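Consider the single chain below, provided in structure tokens and representing the form predicted alone.
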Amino acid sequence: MELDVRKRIILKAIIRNYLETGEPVGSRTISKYTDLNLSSATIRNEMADLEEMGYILQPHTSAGRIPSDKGYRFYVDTMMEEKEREADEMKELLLQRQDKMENLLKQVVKVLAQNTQYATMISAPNTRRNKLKFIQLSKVDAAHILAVIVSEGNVIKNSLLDVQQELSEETVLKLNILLNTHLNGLSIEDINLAMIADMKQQAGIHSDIVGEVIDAVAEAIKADEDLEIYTSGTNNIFRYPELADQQRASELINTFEEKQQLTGLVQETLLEENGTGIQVYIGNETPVQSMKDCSVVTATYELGEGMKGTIGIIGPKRMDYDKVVRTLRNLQNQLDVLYREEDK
């Protein structure tokens, strides 16, 4: 006989109340403990069914009920299923948010190129000195677990870890609790050897997994070496004769396609003292060699939770500086609003 919704609620209420008080639980207590709006007589009948099914016990005549081993097993299994479902739902929401951010940045850089008629770029939010928000370990198969690591700004990194022997769901749940209790809200600089040793000791025979997860966390929340940069309007270069000769145009286009040199430009902008101003590089002032015949104007944008990135506009030295600076200042103010709208 399967437990219906009413019996499940009553059983959970019995177990939670017993865990809190250590005293047998009666029908009156359950009637106050749940929102079922059932009479004590109806609850007594349900409790009698649960006892007959082996989920609860009556230690003494006319006493309340306590959970049996079978009842505890139901509670633990159900709790783990709920936690896994909550984690999956959170992961799905965060992935959706990440996709929305990527789409937002691509849209912004495209519109920026159309409005200015110059080449444009925008970097994804920088994760330097980021803090950990959430870790979720999940079984993949007997030999692997998946570590989903969520850092500030809801940046998600996945890491597939090998395990020497298959882990039970209860073990995975305990490891999740251990890791999140110790690590949530910390930056990589906050995680010290004493903390790691304490977690490994608590993990016992699974200490190697703790070590691997911490390595994965360090990899996820350190400064991202493969910075994501979106570009648009590269063909606008050909609108300006001083940039349109074959060699110069080819070098600029390669820079936008390969993007490696753009990373240095992003990092220099983010290291600016106040981190929010606008910088103008003219000719040889730019850190990108292929742009020595250009002017480059950059700005730092900031979204929620301290996420920062760089916007850049690249054009000829005779670019309309007033329009470009005004456009970037407006965009700085609008990006957070746009992001919040995309996130709804």
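All figures in this text were calculated on a predicted structure; none of them were measured in a lab. Just count from 1 along the sequence shown to find any residue number.
The same protein also has a form predicted in complex with a further copy of the same chain, omitted here; what follows describes it.
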In contact with a further copy of the same chain in the predicted complex (heavy atoms, 4.5 Å), from 200 to 208, 70 to 78, 186 to 194, 228 to 236, is stretch 228 to 236
Answer key: of 267, 107, 254, 117, within 4.5 Å of a further copy of the same chain in the predicted complex (heavy atoms) is 254
Exactly one of 111, 167, 244, 218 comes within 4.5 Å of a further copy of the same chain in the predicted complex through a heavy atom, and that residue is 244
* Asked: Any chance all of 38, 132 and 182 sit within 4.5 Å of a further copy of the same chain in the predicted complex, going by non-hydrogen atoms?
  -> no
Whether residue 136 contacts a further copy of the same chain in the predicted complex should be assessed with a 4.5 Å heavy atom distance threshold; does it? yes
query: Should residue 100 be classed as touching a further copy of the same chain in the predicted complex when contacts are defined as heavy atoms within 4.5 Å?
result: yes
I'd like to know if residue 150 sits close to a further copy of the same chain in the predicted complex, meaning any non-hydrogen atom pair within 4.5 angstroms.
yes
Tell me, yes or no, whether residue 140 is in contact with a further copy of the same chain in the predicted complex, where a contact means a heavy atom of each within 4.5 Å. yes
